[in-house]
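Shown next as structure tokens: one chain only, the form predicted on its own.
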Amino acid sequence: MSAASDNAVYDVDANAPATPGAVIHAAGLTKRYGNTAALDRADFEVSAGRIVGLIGPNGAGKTTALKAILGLTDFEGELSVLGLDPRKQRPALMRQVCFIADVATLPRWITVSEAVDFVAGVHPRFDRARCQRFLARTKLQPRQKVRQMSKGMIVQLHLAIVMAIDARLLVLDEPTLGLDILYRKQFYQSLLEDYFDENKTILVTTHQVEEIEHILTDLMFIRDGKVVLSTDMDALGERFAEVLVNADRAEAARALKPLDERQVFGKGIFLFDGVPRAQLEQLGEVRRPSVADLFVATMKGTYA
């Protein structure tokens, strides 16, 4: 294995001004718990009409970043969400934001109709008729309580409520944790088909990166409280490349300073950042790396 990636930090422009109309802009975002920095001068930006994956290992700062964005924790540095300061303008912000964490967070005693009534009473952008249309596609019954539902049914209830809220920003923190693959696919497909449009922005964290890769427009990796990679998916394919290299070309590949090297069936797979494709084609078969492979290469050493 190459050691080049053990301390890899990809370029993020910390001094760039906020893009006009940016949904989220953070500069020097810092949050400490005692001597531990959960966020360490993190810099990132999310534009409108994007689906952004915020990916990182446990303890990297994902949930803390989401809490800051939602106004649920104080912080140091600069952070604006939909042009508002989450610390000082949270009531106004939450009229335009929707949040889903682990799908098991609904009170177990609440019924479907009570959940709908509650959201209708507290969220000014909730469309009850739209929610009922989504519920009609499911087997959920108005008097059915959460404790009587499977986890997949709770997902359906969450989706029906969320998709009936005309929120400009949807924040998802491990929304399909514990669900089987059928419900996970249904969840993300429903988001794409029934919710997302150019006026909405979705920020999602998950460990199941291979399952959301196809829906993402942008990708951010976070490690040790810092955003170490921020790119759109098109640029990712242009910037990063994997090369399947025979043993006799391995040293030539290593001379180009790959981010990572691994062995599969006697051949080396080298991951490169910014090396011209024509140069890589001389080494072997070139392909676009998966988000999961890029993540593993970036995070090596994190779990040591």
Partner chain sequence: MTTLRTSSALSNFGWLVKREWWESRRGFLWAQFWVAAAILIFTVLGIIAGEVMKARVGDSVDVNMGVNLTQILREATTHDTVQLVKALDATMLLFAFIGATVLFFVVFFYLLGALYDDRKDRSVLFWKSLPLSDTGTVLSKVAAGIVIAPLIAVGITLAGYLAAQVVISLWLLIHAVNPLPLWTQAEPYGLWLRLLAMVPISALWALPTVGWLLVWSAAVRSKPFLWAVLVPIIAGVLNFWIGLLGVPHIRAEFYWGNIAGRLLLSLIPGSWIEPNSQGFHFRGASDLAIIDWPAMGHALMMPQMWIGVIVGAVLIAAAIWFRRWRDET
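All figures in this text were calculated on a predicted structure; none of them were measured in a lab. Residue numbers count along the first chain shown, from 1.
The protein also exists as the form predicted together with its partner chain; that form is not presented, and the subsequent description refers to it.
Proximity of R87, P91 and D117 to its partner chain in the model of the complex is complete: all three residues have a non-hydrogen atom within 4.5 angstroms. Scanning H123, H207, R133, R168 against its partner chain in the model of the complex with a 4.5 Å heavy atom cut-off leaves one residue, H123. A heavy atom within 4.5 Å of its partner chain in the model of the complex is found for exactly one of M233, M153, L72, I215: L72. In short, of 194-202, 179-187, 72-80, 217-225 it is 72-80 that has heavy atoms within 4.5 Å of its partner chain in the model of the complex. Its partner chain in the model of the complex is approached by P107, whose closest heavy atom lies within 4.5 angstroms of it.
Although the partner is absent here, V97 is a contact residue: one of its heavy atoms lies within 4.5 angstroms of its partner chain in the model of the complex. When its partner chain is considered in the model of the complex, K62 lies well away from it, no heavy atom lying within 4.5 Å.
With contact defined as any non-hydrogen atom lying within 4.5 angstroms of its partner chain in the model of the complex, H158 is the only contacting residue in 140-165.
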